[in-house]
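As a starting point, one isolated chain is supplied in structure tokens, in the form predicted on its own.
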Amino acid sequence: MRLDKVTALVTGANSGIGREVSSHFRREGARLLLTGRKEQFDGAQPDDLYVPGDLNDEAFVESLARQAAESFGTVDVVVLNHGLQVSGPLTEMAYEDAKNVIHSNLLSAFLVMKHFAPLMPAAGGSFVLVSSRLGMVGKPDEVLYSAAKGGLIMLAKGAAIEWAERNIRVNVVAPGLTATPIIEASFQRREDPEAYRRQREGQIPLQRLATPKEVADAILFMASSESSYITGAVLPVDGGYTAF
């Protein structure tokens, strides 16, 4: 599944799924434009272009698109992997937190799509939006996050139809609970981390968390020509969680 001569933007590239996606794409031959909030990214390689910034800021997104055009000319693949999760009961969530969740997961994706779709070549391109199992099912204490990730799915479906005539495909990968450093650290903050892990794994039909590699494999498939007749689709990578 080679990506030779393909230029790809990966957001949220600093850790977890985004870091694994970057490694996958690099091994397959892609030229990488990476972005994240951290000023430095120790996973970037000499041939990568890493540009830190806030994707909620349209001026930054416009600047990122200009740098992409100047450095690469066109961008063939965009993987939108960034986001923010704030948990808590709906009636207790601060309005500012609610706005941040919607902006960081949904409106920032809109901004990247708006400014990067024009950079895709005449032959077309591929957007892969990383949503969540919680964009497909509801969960207490995650109402705003579910709403934002569900909105991301509908953003992808609408754009897939709107851009089909340009051969720009737009798809969604919806991971379940994944063994990223952030998730592993959250387990360790529990009174009994192993018991909590077993309880969470017990909610998944396959009885385990996904690995970042398994999610990145799905993203690579959706980004590549192997999925050339797939657009507007949602691929759950959740161990069967949303099959209930």
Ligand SMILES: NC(=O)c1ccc[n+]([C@@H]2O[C@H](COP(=O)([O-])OP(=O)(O)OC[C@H]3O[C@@H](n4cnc5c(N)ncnc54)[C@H](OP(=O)(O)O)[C@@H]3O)[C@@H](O)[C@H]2O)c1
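Each residue number is its position in the shown sequence, starting from 1. Computed from a predicted model, the values in this text were never measured in an experiment.
A second form of this protein, the form predicted in complex with the named molecule, is not displayed here; the remarks below concern that form.
This chain is drawn without the named molecule; in the predicted complex, the residue among 213, 208, 27, 37 with a heavy atom within 4.5 Å of it is 37.
Proximity to the named molecule in the predicted complex, defined as a heavy atom within 4.5 Å, singles out one entry of 201, 54, 192, 62, which is 54. Remark: all three candidate residues (145, 175 and 180) come within 4.5 Å of the named molecule in the predicted complex, counting heavy atoms only.
At least one heavy atom of residue 14 is located within 4.5 Å of the named molecule in the predicted complex. Remark: residue 169 does not count among the residues lining the named molecule in the predicted complex, judged by a heavy atom distance of 4.5 Å or less. Within 4.5 Å of any heavy atom of the named molecule in the predicted complex lies no heavy atom of residue 124.
Contact annotation: residue 151 falls outside 4.5 Å of the named molecule in the predicted complex, judged by heavy atom distances. Contact annotation: the named molecule lies within 4.5 Å of heavy atoms from the stretch 75-83 in the predicted complex, the single such stretch among 158-166, 116-124, 88-96, 75-83. In sequence order, 130, 131, 132 are the residues of 106-143 having a heavy atom within 4.5 Å of the named molecule in the predicted complex; the partner itself is omitted from this view.
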